[in-house]
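For reference, the chain that follows is the form predicted on its own, supplied as structure tokens.
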């Protein structure tokens, strides 16, 4: 029997299939930007991509799956954009600021679309939420990037906090994303200024955690995070 390719498995995709898949993603993003997420249908996406509706559903079971593909694509672009600063810098503030600035750079073409999309992503039960089960692969990839920021830096931390910090930095990143969504300044200038100021601030706060007077608060924070995961 001939094996049927699994479109969710990159290793099983042919070059033609991968090109078709990318064409569908690109078409969806164009329509999301132009008409909004809610008004875009799978049929309109298929028509825009020049494929049949059945072919569109072969690669993506729903619009939500298309958004997850966009999340995954953004993670790849973010990692590529940050590679230079992560290879060059060892200072924690420089590495963190560089990673956050790299995200603003790669996300800029989608800023006009972000406000319309955010209405859906902000719903706690939505599969489009960055906190959803469906978004877990992209979320883990992003947290891994923040782990790289920490691992290659000169920052010294208590082991318990060090293991928690990548996820805490990702939560900070989500705050930056929310600010960016609502930022109407030209080229998202205010977001770029926020990133430039917040990275050194986080660096200073992280270094303070090694002081004996702060260590008890850090331990309480780590315990709280552990309890939240259990509940």
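Residue numbers count along the first chain shown, from 1. Predicted, not measured: the structure shown is a model, and the values here were computed from it. Take the two forms, find the largest set of C-alpha atoms that superpose within 1.5 Å, and that set is the rigid core.
Keep in mind the form predicted together with another copy of the chain is missing from the figure; the text below concerns it.
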Sort through 47-55, 176-184, 25-33, 162-170 and report the only stretch with a non-hydrogen atom within 4.5 Å of another copy of the chain in the predicted complex. 176-184
Give a yes or no for residue 140: in the predicted complex, does one of its heavy atoms lie within 4.5 Å of a heavy atom belonging to another copy of the chain? no
Quick one: does residue 125 come within 4.5 Å of another copy of the chain in the predicted complex, counting heavy atoms only? yes
Look up in the predicted complex whether residue 119 has a non-hydrogen atom within 4.5 angstroms of another copy of the chain, and give yes or no. yes
Even though the partner isn't displayed, in the predicted complex is residue 19 close enough to another copy of the chain, meaning a heavy atom within 4.5 Å? no
If you apply a 4.5 angstroms heavy atom cut-off, which residues in 205-228 are near another copy of the chain in the predicted complex? 205, 208, 211, 213, 214, 216, 217, 220, 221, 223, 224, 227, 228
Does superposing the core leave residue 196 with a CA shift of 2 Å or more between this form and the one not shown? no
Aligning on the rigid core, do we see the C-alpha of residue 167 shift 2 angstroms or more between this form and the one not shown? no
Once you account for a change of 3 Å or more, let me know if residue 184 and residue 39 sit closer or farther in the predicted complex, using their C-alpha atoms. closer
Looking in the predicted complex, are the Cα atoms of residue 39 and residue 137 closer together or farther apart than here, the change being 3 Å or more? farther
